[in-house]
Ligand code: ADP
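Heads up, the chain below is alone and in the form predicted alone; it's given as structure tokens.
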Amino acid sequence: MDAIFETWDRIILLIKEEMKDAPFNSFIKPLEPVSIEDKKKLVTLKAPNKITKERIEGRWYNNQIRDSIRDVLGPDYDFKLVLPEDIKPAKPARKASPAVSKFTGNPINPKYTFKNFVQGKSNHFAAASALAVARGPFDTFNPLFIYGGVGLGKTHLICAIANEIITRMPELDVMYITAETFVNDYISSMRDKSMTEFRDKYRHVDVLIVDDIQFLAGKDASQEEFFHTFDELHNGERQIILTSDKPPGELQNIQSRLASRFGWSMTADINPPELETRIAILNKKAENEGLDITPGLMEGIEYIAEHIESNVRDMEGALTRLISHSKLANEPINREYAQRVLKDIIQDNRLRVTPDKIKEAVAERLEVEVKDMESNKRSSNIVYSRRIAMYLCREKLGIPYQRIGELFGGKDHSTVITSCRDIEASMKVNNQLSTIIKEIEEQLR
């Protein structure tokens, strides 16, 4: 419901600009948003009494409300007014009370909205796909499969989908879970002989959102149950949304028929954000904390963004620590203060393996230049070094093939796949290559 009120707040701000205070306070301010139905292009508003409803419908306020709604939501939207007695009590399932069933979903963080999600080149397609599903479930991108590394915003996006659908179509039954929750519920239902309740809960939702689907790997019985759940929902034209650390075709220890179902999905990847997006993410975090972006705070934000590159969660954690220390010590934030307070966090982050560290380690061991590995040079020692670096990026970090290609000067993903497979095959018969890679891995550790 928070998102409905956020949208309504934007609408009434527009209305207020065109009205005098007296009629605005008498007729517009008492209205309350009930629902926003995307399919019907309809906003339902509750008037406090019959007199207010009739006054609005009989005066120009009617057009003013409609025009402002269309400015915010789109040209085809309209609205209707209802009275308190016209509103039916909400279904118990919408309350998300733990008492409804022991198989209720995971809590959906209300702060995870599209409004709070910062877009950049690294996540633009995933965000656009998620928004399309949120505004038109069942019709667009079903199933939707979002993948990427830890801490890059997958959970934020899928919770934003859930919050948006609940706001726009409150009549739908939306369930958000982790794959671990699904497995635990399955085990519990087997133990308690409550499989009927388990299946009823999971197979009769309108929208099923499952985070970290790779957790099903190696759990054959749970995979079997999820396969049938997937089929039941998909055949019933219900929306399915999944996330993983890898694309569907690269998941390990997943039954082939379940993997083929995942392959039906519209896939969208999230990559580590570039510097500008990292700064924008931290700015948004500071704004959400109610802080003014002073020059000193901006220096701290830039310092964090420059030194923590691959994990949004770590960046936000560093900013929270910086702000907390500043408040407790009553000291202003600037770059020097950030360096002092975040010294251990930045050092820990530097010790983590990154694509750049892999390139540097390979270049040092094989006596080539990093810039040559990133170029189109085809000399044997450069190609050899490039292939090893690509293989390690894939093996150590699980980076998608397409992203690895971008990291090495825009190479085609098929080239990356071939390189990784060649190195993996050669290691089985080439002891010298195995030794070189072990030495590089030791250096990275």
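Note that the structure is predicted; figures quoted are calculated from it, not measured. Sequential numbering from 1, following the sequence displayed.
FYI, the form predicted together with adenosine-5'-diphosphate (ADP) isn't displayed, but the following is about it.
Residues of just one listed stretch (249-257, 144-152, 74-82, 301-309) have heavy atoms within 4.5 Å of adenosine-5'-diphosphate (ADP) in the model of the complex: 144-152. adenosine-5'-diphosphate (ADP) is not drawn, but in the model of the complex it has a heavy atom within 4.5 Å of Asn123. In the model of the complex, none of the heavy atoms of Glu164 sits within 4.5 Å of a heavy atom of adenosine-5'-diphosphate (ADP). Using a 4.5 angstroms threshold between heavy atoms, Asn116 counts as touching adenosine-5'-diphosphate (ADP) in the model of the complex. Under a 4.5 angstroms non-hydrogen atom cutoff, adenosine-5'-diphosphate (ADP) in the model of the complex has Arg313 among its neighbouring residues.
When you look in the model of the complex, the only residue of Ile281, Val183, Val207, Met373 with a non-hydrogen atom within 4.5 Å of adenosine-5'-diphosphate (ADP) is Ile281. Between the options Lys359, Arg261, His156, Lys219, the residue in contact with adenosine-5'-diphosphate (ADP) in the model of the complex by a heavy atom within 4.5 angstroms is His156.
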